[in-house]
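Form predicted alone, single chain, as structure tokens, below.
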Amino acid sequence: MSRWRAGLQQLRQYPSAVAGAGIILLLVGVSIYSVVAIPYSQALDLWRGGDMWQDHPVNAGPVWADRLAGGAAPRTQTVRADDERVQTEALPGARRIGMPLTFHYDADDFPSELNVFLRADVHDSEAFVRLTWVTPDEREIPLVSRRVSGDQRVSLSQDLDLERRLQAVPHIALMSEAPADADDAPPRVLTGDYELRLDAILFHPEDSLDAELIVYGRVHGLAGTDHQRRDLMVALLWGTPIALAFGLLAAVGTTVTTLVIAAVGVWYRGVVDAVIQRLTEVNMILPLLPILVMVGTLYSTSIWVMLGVVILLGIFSAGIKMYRAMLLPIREAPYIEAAKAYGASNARIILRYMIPRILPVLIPTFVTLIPTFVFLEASLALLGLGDPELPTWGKVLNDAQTQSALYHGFYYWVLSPAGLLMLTGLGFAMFGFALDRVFNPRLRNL
């Protein structure tokens, strides 16, 4: 214990060790927060997407990046009707409802999209709804008229008839200044108070209608959104515990089993050692990544299946030869002969006297091995062989590649997970190299 305590005290003298430990603790803290704040089942539901993200813009960048660049991109506004302003008028055999949805818009850029969500609870006949857009300069623009029952979305930005009538993209035409007669100047956003006027006819006394207007912005949250409106913060947060768990379990599984097998071969020698060495040499020429690609393509892309294959292929790795070279002189040490003399069993000699002697040299290798498996998991996900259910950094990169994020200028989609991967590798590398300087006798005096 005194040797370990002295080694830990020496680590404080290395700034790289302190910085690396700080990065690792930060990643562990993010992992704990992610698991507590977003339970596993909730994270899976969020990542599957669907209607729960309908109030998020598509491919919106992070808010902080826009502010850092000096921009003032619009944020999303959700507009609901004020009950006090809803007007009801009785008609013969029906009921007329006037529902104004008003909002103030003061951004310097156009929104990315306009959607109206209607919810009609009807009994006999469908409700008839007519929408009218009123601009701050009191222009009234008729939008759509339709029958509504149940939940319906009216996508104004994708209405081709409305686009042909306005001769421009609807959400730009509806929120731009009146066209000037002078020239074809680019449209400019008109700020002020807008109103979406909803007039509905309900044909049953118990029928009800609710409406919601979403004016989608161009920035959202700390990490932005993807092509399915999903908040990328979910994948960035939950990708941290998944990456660390995969890297840690793979490193522990391969390192411990490899060390024990190497020690068994050194102790028993003969046929046992020869078989272990031949298996190691065969396994060393097997390509890991193509085998994982084959397993993911033909069998399963589950992260646990991939982890098992990684550990299985890592048992007889090249580390066995390195550990064997370190254990051979230990086998001939006097205290091993003394242990044999007082009747220690083979298992006790291997586990209590041989393996602990090389643990100080093994730990730095173990620490630097963790990010290798983290990168491996991300590489598999980037190739489309990641677990389809889990939100991971590699899955974010795969979606970004599929949607040509860099080509369309969505740099945040790539830089965020790539930055976290590089930060993870940097933290473990700095800490592992410092451990090597402390516990490796060949580097201790350098």
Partner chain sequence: MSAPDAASGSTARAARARRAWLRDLRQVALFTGKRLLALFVTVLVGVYLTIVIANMGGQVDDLRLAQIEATIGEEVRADPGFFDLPSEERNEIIERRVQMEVERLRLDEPFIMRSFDYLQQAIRLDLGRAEQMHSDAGSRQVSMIILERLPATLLLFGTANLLVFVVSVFVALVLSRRYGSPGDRAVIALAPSSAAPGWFYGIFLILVFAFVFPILPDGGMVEVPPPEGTFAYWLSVLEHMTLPLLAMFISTIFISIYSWRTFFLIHSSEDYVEMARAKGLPERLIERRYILRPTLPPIITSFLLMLIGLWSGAIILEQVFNWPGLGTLLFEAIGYRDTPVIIGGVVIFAYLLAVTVFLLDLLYAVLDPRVRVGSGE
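Positions refer to the first chain, counted from 1. Bear in mind that the values here come from a model prediction, so they are computed numbers and not experimental data.
Here the subject shifts to the form predicted together with its partner chain, a form of this protein not shown in this document.
Within 4.5 Å of its partner chain in the predicted bound form, a heavy atom is found for all three of 294, 375 and 421.
Interface membership of residue 22, defined by any non-hydrogen atom within 4.5 Å of its partner chain in the predicted bound form, is ruled out. Its partner chain in the predicted bound form comes within 4.5 Å of no heavy atom belonging to residue 168. Residue contact with its partner chain in the predicted bound form: residue 406 places a heavy atom within 4.5 Å of it. In the predicted bound form, no heavy atom of residue 363 sits within 4.5 Å of its partner chain. This chain is drawn without its partner chain; in the predicted bound form, the residue among 91, 178, 275, 286 with a heavy atom within 4.5 Å of it is 286. Only one of 121, 199, 195, 281 lies close to its partner chain in the predicted bound form, with a heavy atom inside 4.5 Å, and it is 281.
The partner is not drawn, yet in the predicted bound form one stretch among 246-254, 296-304, 70-78, 159-167 has residues with heavy atoms inside 4.5 Å of its partner chain: 296-304. Residues 406, 407, 411, 414, 415, 418, 421, 422, 425, 426, 429, 430 of 404-431 are found to place at least one heavy atom within 4.5 Å of its partner chain in the predicted bound form.
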